[in-house]
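In structure tokens, one chain follows: the form predicted on its own.
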Amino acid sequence: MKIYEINKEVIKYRFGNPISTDVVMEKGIEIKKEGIDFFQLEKGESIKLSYKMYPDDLVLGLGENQRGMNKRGGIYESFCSDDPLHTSDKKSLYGAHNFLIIEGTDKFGIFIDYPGKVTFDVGFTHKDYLEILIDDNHVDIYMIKGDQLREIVKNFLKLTGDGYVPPKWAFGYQQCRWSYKDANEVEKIADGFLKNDIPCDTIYLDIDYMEDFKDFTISEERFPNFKGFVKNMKEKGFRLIPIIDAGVKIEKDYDVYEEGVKNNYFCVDENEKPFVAAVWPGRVHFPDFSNPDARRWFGLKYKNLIDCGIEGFWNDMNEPAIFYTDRGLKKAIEHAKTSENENLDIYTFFGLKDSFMNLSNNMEDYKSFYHRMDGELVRHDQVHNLYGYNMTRAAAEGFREIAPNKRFLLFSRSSYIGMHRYSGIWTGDNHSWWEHILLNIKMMPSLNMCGFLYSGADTGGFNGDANAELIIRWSQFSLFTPLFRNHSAMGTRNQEPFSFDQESKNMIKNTIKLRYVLIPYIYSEYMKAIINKNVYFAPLVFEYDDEMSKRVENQLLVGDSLMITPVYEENAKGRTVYLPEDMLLWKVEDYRNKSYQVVKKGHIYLDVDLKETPIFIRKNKMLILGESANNVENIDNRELHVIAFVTEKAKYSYYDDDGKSYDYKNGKYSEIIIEIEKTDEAYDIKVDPRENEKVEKIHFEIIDSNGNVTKKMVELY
């Protein structure tokens, strides 16, 4: 073991000669040190770390994963998995995010930089022990220190790099469904939003837009004159976002296939022939994204669609998902043939059933293909978690070469720590289950801790049928997530906002309109989190140190000013809420009508009608609001509105930029510093419009601890 001091806050422990993931670029200085901080170490062909937890310790992090914000009591496997049944017994989902934080008697973060399987046993086998098992003895382990939780996260994000920033229009509402089969149907969806006066910025194209499910192709039959169609849709106010899958169809004269074979860009089998598996198009090859040349080749293929006017993509099936291989299919069919004349009892029947159920994403298949890395063949399962990360890296690097100063929307299903530099993620193929709203709430801060700020779930659920109440309640949470996308599967009930009864449609519409009113705040808080290496969503314990705040897992802090308390149970007319301090409550039915209530510190039962979204503004904080519009580019925010809950003094920094370039990295953005101070009988307001070119007026509603409202207006020019 070699030990390196990266900086005062980070120590790296290197075991053996680990595969480079390119997550951390800093090497540090080698130092002499005994053992590994906080953990007992067992080392053989694998590595096991053990930490004795104290009774009140919280274990936070692990990104996209099951169960609570506090991971105690669970066992989790980091091995990117295509499994749409996100039940609480599942050990892994689509992402592998090997970073967690201990908050208790000790306070530290640990990052396991290993791209194969890692198991985190957080008090499952033994309630008092955190045990980390790494399926190898070649690994980098980082110990991250800090006095506060935010500081630990900040030090970790300094280590792993700047976060992804999408274009501002990507903060608008987004509509998706697998089954928009042709241009006419997509246009009908767009017209449905326009007819019903419901804001929307993007409509997604799932696999039906392709010719025979081939990447970077367009079906001339279903989408004739695609470039003209994209232009027409953008003129209506909608951007189209196509899907790109990992598997490349094996088909003669298909350019992506032919070029990949010719240049050895595909993963190979044990005989160094291109590995064959099957997904949407049938038999495919998988690009070897560990190869920089293959990454550049694949990344520049996005230009085929960018040249048609496309400005965003979602990468899917990139765990990589495998429907079957010839090996597995042959084995299952042989099993069926030998069972044909048998009297199948419970065990032989289940064995037959499992031979087909286990065709997909089989570990034997993952162990049977290879990547060429530094002149050597590396078995896929040893680097499995890097596949989606490197596919998405390929796209992002391609975009920067195609249009160096243009932001594209990009998010991925599969991910690994470090991919947050290149894209966002969505949380995969969930269900229309009420439990998945709560899972969504708990997952967001965990993802933020791992750097993934641009994230969200399939609002309403991808699989299964959603009723109107589920869509309404889920939308009332998703309106705060940076990625706000409604997505559903073929064969399920349509869940576009206008697919429901008039009353329900109006509730969803008001919720989406509220999203657009909140975009100045959401975008400002998102960008400040990116620049300052902070989180956008946080558990209460990040800000409050009382015992109850450590226990709350169904409320979130959103940016600097807000606490949200979503309703996530069917037929609920309210919920219990804990306030760690006095706060101002705004129950929003229609964003144009504002009535406020000062709620005192402690537990309350909060009545929340189905049409209401509760928003709590923290003490001595302020919320910035803009105007609603049918899409982000049509928002006119020359006049902003501020709701402030001020008992003493409040200060807010409002951030904005051009929303489309990377000029913000060179300091080209606007900032308005707002200060409100309570005097004996009034308020003193100071506004410093640094580099501001857009905002002309700010309207203030300032509420004191007794609920009294003071209205003022400040002209900036």
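Heads up: residue numbers just count along the shown sequence, starting at 1. Since the structure is predicted, the reported quantities are computational estimates derived from the model, not experimental observations.
The discussion below concerns the form predicted together with a small molecule, not included here.
**Student:** Name the stretch: of 511-519, 296-304, 423-431, 626-634, exactly one has residues whose heavy atoms fall within 4.5 Å of the small molecule in the model of the complex.
**Tutor:** Only one stretch passes the 4.5 Å heavy-atom test: 423-431.
**Student:** From the list 169, 542, 477, 314, which entry has a heavy atom within 4.5 Å of the small molecule in the model of the complex?
**Tutor:** Of the candidates 169, 542, 477, 314, 314 is the one lying within 4.5 Å of the small molecule in the model of the complex.
**Student:** Work out which of 229, 280, 586, 370 lies within 4.5 Å of the small molecule in the model of the complex, going by heavy atoms.
**Tutor:** Exactly one listed residue reaches within 4.5 Å, namely 280.
**Student:** Please run the contact check for residue 139 against the small molecule in the model of the complex: heavy atoms, 4.5 angstroms, yes or no?
**Tutor:** It does not: once the small molecule is placed as it appears in the model of the complex, residue 139 has no heavy atom within 4.5 Å of it.
**Student:** Flag residue 413 as yes or no: does it have a non-hydrogen atom within 4.5 angstroms of any non-hydrogen atom of the small molecule in the model of the complex?
**Tutor:** Heavy-atom contact with the small molecule at 4.5 Å: present for residue 413.
**Student:** Heavy atoms within 4.5 Å of the small molecule in the model of the complex: does residue 243 have any?
**Tutor:** Flag for residue 243 set to yes.
**Student:** Does residue 124 reach the small molecule in the model of the complex, with heavy atoms at most 4.5 Å apart?
**Tutor:** Outside the cut-off, so no.
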